[in-house]
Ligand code: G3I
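Below you will find one chain, with nothing else, as structure tokens; this is the form predicted alone, and questions on how it binds or moves follow later.
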């Protein structure tokens, strides 16, 4: 091997002053030996690129850049450096003679295992109503926040049985995002995605140790974590009619402080059809997932799901309207058809009752990408997974074709993208508030197509989107706190921002990512182009906040990719 310094002096190809520049975009965590390996190099100066051993500074691989093109979402001219056929485990970086280098990355089996654990443990760090002890939380330990044993029924949620000011107990659950509130709608897609991860890959998760308080109970840690939120969700159903409160909240967002320092009153705010259907879908899923481990809880979850469905059928258009004295997240929605589809599918799968399938016309609906306000794709994910056990009422061919069609749509964008990712499928619409969650959910759907067909193009595209999240993007950030060489240090997350003991934020959180809306009115952004419009600052809650629904697809896709890459 030729050492780099000798290589520079003899060949005269590389300007040493470029060594400190890291404009080449790459997954900053790394790659599996048998997986695709791609870096994005800005510019149009085609020619050779090199893979350099980060320990010895030796050139270990030489390749040719290719496919110079412009990515409209960032305005960049970029080239692709493909080194898929380099499989030797180690620590490396990419070098282009006239552009510069990349951050270091590894090639190894289980390369994302620690990241996966951290993404799941982020939920533990966002738990309400429990001390985060040092033995589990390390230097991010803290006293319990929000016991939520005294929660008031807001006037908007008042009924004769539970009038305004009535006190309920509603502990546990996860803080939704950077704030301290708990929302049923966003809990729906988040909790379901964790349950689906276990349901699809139980062998993998049964061996995954997270060091959370329940780790010794012989139940998978991901199920223990999901149970913390499920227990809270159950308290949000009114036992008198089956309707579900939309959220548990302070009347307004609290300032930057640690959770245990907040003393303002908490309220449950009006019931909504959207919240009730999300609840029904998640509880129906939980009923079948936990049946083996806790039959009593599973039965209670199913009864709650059916009760909620009955309320929603009787109240199909109760839209959430923000009361004048409440100024926290709305999670409003003006179309519940997708929630009805999802809840019906989960209840049909769990009960085998054809009435739920027949309640919706699945032949007339498509798939799409799941987000909190559009959950129809989750129905197709569950129907596909359980297709061998459905009744004759279900159309298996339809279910499979819907998943393949959605996978092909995403694959088409990947094949034409300058960045070799599926983001951009719907033009700039993919770069929404929470665009990183969108990228993750692209991969969730691609992985369903792979599970069905075993066509590796779907798996590879799903992994390409993970590469995007971990550094192969226009900003050059690895968007998960604590993981990567260039990672968010100032997320919009109160427990991190208010913790004066630690410079580093709580690890394992996926920030929202590039978005050009800028409703937060931060003083500046580096660009108005959607793929570049990101700022690592507390003030940027439109690009740098964390939420449970963005972490959920991150958990799912890393677990799935780890499973498939290490079990071929």
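Since we're looking at a predicted model, the values are computed, not measured. Residue numbers count along the first chain shown, from 1.
Separately, the form predicted together with this ligand exists; it is not shown, and the next lines address it.
>> Just to confirm, with a 4.5 Å cut-off on non-hydrogen atoms, which of 86, 433, 152, 319 contacts this ligand in the predicted bound form?
In response: Residue within 4.5 Å of the partner: 433.
>> Only one of 44, 528, 62, 519 gets a heavy atom within 4.5 Å of this ligand in the predicted bound form. Which one?
In response: Flagged contact: 519.
> Does at least one non-hydrogen atom of residue 77 fall within 4.5 angstroms of this ligand in the predicted bound form?
Replying inline: It does not: once this ligand is placed as it appears in the predicted bound form, residue 77 has no heavy atom within 4.5 Å of it.
> Quick one: does residue 31 come within 4.5 Å of this ligand in the predicted bound form, counting heavy atoms only?
Replying inline: No, residue 31 stays farther than 4.5 Å from this ligand in the predicted bound form.
> Would residue 515 count as touching this ligand in the predicted bound form under a 4.5 Å heavy atom rule?
Replying inline: Judged by the heavy-atom cut-off of 4.5 Å, residue 515 is in contact with this ligand in the predicted bound form.
>> When the contact criterion is heavy atoms within 4.5 Å, does residue 550 count as touching this ligand in the predicted bound form?
In response: Contact check for residue 550: yes, within 4.5 Å of this ligand in the predicted bound form.
> Exactly one stretch in 131-139, 372-380, 69-77, 386-394 has heavy atoms within 4.5 Å of this ligand in the predicted bound form; which is it?
Replying inline: Of the options, only 372-380 has residues within 4.5 Å of the partner.
> Going by this ligand in the predicted bound form, which residues of 166-180 come within 4.5 Å of it through any heavy atom?
Replying inline: Heavy-atom contacts within 4.5 Å come from 176, 177, 179.
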